[in-house]
Ligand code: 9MR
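Next up is one chain by itself, shown in structure tokens, the form predicted on its own.
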Amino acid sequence: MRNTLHLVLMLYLFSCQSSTPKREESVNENIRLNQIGYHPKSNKQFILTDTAATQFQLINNQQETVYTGRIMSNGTWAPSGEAVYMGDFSSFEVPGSYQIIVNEGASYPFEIKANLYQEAWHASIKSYYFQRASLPIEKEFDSLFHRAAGHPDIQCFYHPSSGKTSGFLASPGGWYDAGDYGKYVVNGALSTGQMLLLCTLYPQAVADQALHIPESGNGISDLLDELKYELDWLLTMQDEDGGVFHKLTAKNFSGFVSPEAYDLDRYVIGKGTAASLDFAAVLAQAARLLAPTHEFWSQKALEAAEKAWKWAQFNPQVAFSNPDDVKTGEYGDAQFADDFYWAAAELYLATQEAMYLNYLQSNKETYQHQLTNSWKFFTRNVGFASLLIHQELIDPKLYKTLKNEHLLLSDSLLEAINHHPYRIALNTFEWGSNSDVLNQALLLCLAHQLTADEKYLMGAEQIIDYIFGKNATGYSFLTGFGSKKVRFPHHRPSGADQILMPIPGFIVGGPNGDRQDHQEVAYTSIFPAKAYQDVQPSYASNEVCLNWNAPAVFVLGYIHQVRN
């Protein structure tokens, strides 16, 4: 059956490739645009690189020119080494399917329509279902990418770094973190927390049965159901004294095998301040949101969160680093002020206890967005966001201060976007650069929520344009979507399943000027904004990860809610 599905998919992809573009001319790869399309009311811009032209045409399916516009120079962009030009057709709002024509060369086709991102948004959420450990992906819930269960994790060894020397931990469930099969507390907590922000703003944004997952039909939002699968695993990672173990992995990465073929021993590794605080934060956050539907669970989650906070109070500087015999992802962090802030914010909102408010007032965090390693630096921003969303629960003076600082940060992002050749706010390309731009979009969405000012929403939409193809590589960075698709992500289930295309809905890391894998991967460009290779070995540019998808879930969901 799988071979038949594989053949059908190959024929489908061939037919799609042979029918696009709609004109006979070949696609001009120097035309970069959002390959999904544009909402009628959004900014509609495209980038043209290294091409002398002064005019463009917008054509419809009948090959009719429906709009003509000017192409303007945006200067040279050093990170990509390109001369950059831009066309703008924002005033054209007629729904339909279109292409841009420049010098007889055609862009990839795209649409102008309402309800533009629902399919991509739902796929970005369902990608987490495909990352579930200890559970088979049943054919009933996906006829193509079904697989057997991997990693029951009911008898995991304690590594000496955990502080225990005997016994086993039962820690089933949760999500695989990235392209590997590890489960990590700090990254899982941050990613869940970012998506819980969307649930806070729009509790019913993802309806029951919208995602077609095993819990569908239980009367609860499918997004909350999916998040609870990770939250239930997080609860298993708390030690008796309240401290939280750092990760559950083998000592080394496996080969590109399917989950059920994985045969390495699994270990509970480390225990530290960051894991304990991030655990406390997200469990307190979830306890608030899930109380109406999971009252008993929420009580237990809040108790666990408070216990973890107390442990961190007595152990405020326990940093994690990989033991010598462990080579899996480290997620190390030696600065905990931002983690304390996030945990205090969520615990205050959940309990209204003065000691947490006192902490926030006595330990102000700088209102900033630090690039790269969002699992390390974006925790404070989730804390800020939760406080701002719950204006009614915090001191008016604190709210005013946080709002003013958030808008100052958001205005600086807009200023950068407006002066950027590609209309994003990023010039530094490191590991997970796509999460950097998506986190910027998340901040802009929150500014829109606070003010209803359209400029912030349009800034976020321009960043989404980048993700879907208006970038220096021309790739759409969400697997399964766009014309120039990512086909070979660094993702073990996709690499091992013998299916032509990868599992859809994953944001890949994106351009990375550091190219940590350059000895294994032949990059075609050393320009940082182009340092991306769609090949399976490229863990530095083409891996998937929970915290790269989480802001995409928030931003696509937010845009879907306010535009429709």
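Start at 1 with the first residue shown and count on from there. Every value quoted in this text rests on a predicted model; they were computed, and no experiment measured them.
From this point on, the text means the form predicted together with the ligand, which you will not see here.
If you check the ligand in the predicted bound form, you find a heavy atom from every one of Gly179, Phe253 and Trp431 within 4.5 Å. Contact with the ligand in the predicted bound form, judged as any non-hydrogen atom within 4.5 angstroms, is confined among 334-342, 487-495, 219-227, 151-159 to 487-495. A heavy atom within 4.5 Å of the ligand in the predicted bound form is found for exactly one of Glu29, Asp50, Glu520, Glu64: Glu520. Just one of Tyr539, Tyr38, Phe56, Phe46 comes within 4.5 Å of the ligand in the predicted bound form, counting any heavy atom, and that one is Tyr539.
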